[in-house]
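Next up is one chain by itself, shown in structure tokens, the form predicted on its own.
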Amino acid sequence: MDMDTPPPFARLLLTGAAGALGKVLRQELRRDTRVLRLSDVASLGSAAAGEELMPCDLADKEAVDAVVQGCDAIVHLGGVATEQPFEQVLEANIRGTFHVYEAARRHGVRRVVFASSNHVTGFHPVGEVLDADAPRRPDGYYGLSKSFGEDLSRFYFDRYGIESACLRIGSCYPEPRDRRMLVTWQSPGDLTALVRRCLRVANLGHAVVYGVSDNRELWWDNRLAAHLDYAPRDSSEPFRERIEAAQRAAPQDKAAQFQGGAFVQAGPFESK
């Protein structure tokens, strides 16, 4: 964006701003809005120029309503980000996402970028290529919560016209960490580019898009989100030799059979 061009938003809300991905987008989205409102239950540090800090528990409906008020668009990353007992996932990811969309409806917010997950389809076999119409096969309570969020966002689009992008984010780290991530990796730069496209595209509608970089091997096809014009620039290929040398043989356990990896296995908190 040209420095003389005004940002497209007056106030943009970023939930989950204290998380790993939230910290990346906190830095990058400042140029997309005059005011970047940041929310999380964890510490947000000090506000930089152009930032507003509004700590909030997503399970608190009234608090979420106050955080959303006055915003033009929402990037919703907040919630439990790993497999946890259902009761924990329920409060932050299910109740919390409902509170975000209901507040958006009440305050006239017309666009939400929702951080879904590849774990919505985690029980599909490794090697199967999926598009946005592939059957959902959540691999745990976390994946179930994101599947609910996708349905919720579709409902709010169909009934109230709130446009949403559901980002089925793969593995977003500075570098891929293992063989699975050679396929699922999305660089922080590519994530930022995807979020920005979802915020700025003229007609977003209701879109489901896989958050993945331009890796040599892919399990996900974004042809049904072509209108977003998302063109990832990075690839896991430069990391392949190092990762394959460190992990010489691909694991043969259940986690290696399904796209969700370790998420398909029961957690230690589940009853025997």
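All residue numbers refer to positions in the sequence shown, first residue = 1. These figures come from a predicted structure and were not determined experimentally.
As for the form predicted in complex with a small molecule, it is not shown, yet the points below apply to it.
Colleague: Looking at M181, L144, A134, V126 here, can you tell me which has any non-hydrogen atom within 4.5 angstroms of the small molecule in the predicted complex?
Modeller: Going through each option in turn, the one that passes is M181.
Colleague: By the heavy atom within 4.5 Å rule, which residue out of L130, V109, V201, A81 makes contact with the small molecule in the predicted complex?
Modeller: After the contact test, the surviving option is A81.
Colleague: Indicate whether the small molecule has at least one heavy atom within 4.5 Å of a heavy atom of T121 in the predicted complex.
Modeller: It does not: once the small molecule is placed as it appears in the predicted complex, T121 has no heavy atom within 4.5 Å of it.
Colleague: Please check if G170 has a heavy atom lying within 4.5 Å of any heavy atom of the small molecule in the predicted complex.
Modeller: Yes, contact at 4.5 Å.
Colleague: Contact between S164 and the small molecule in the predicted complex at 4.5 Å, heavy atoms?
Modeller: Output for S164 is no: heavy atoms all beyond 4.5 Å of the small molecule.
Colleague: Does S117 make contact with the small molecule in the predicted complex, using a 4.5 Å heavy atom cut-off?
Modeller: Yes, S117 sits close enough to the small molecule in the predicted complex that at least one of its heavy atoms falls within 4.5 Å.
Colleague: Given that the partner is absent here, state which listed stretch (98-106, 171-179, 192-200, 156-164) has heavy atoms within 4.5 Å of the small molecule in the predicted complex.
Modeller: In short, 171-179.
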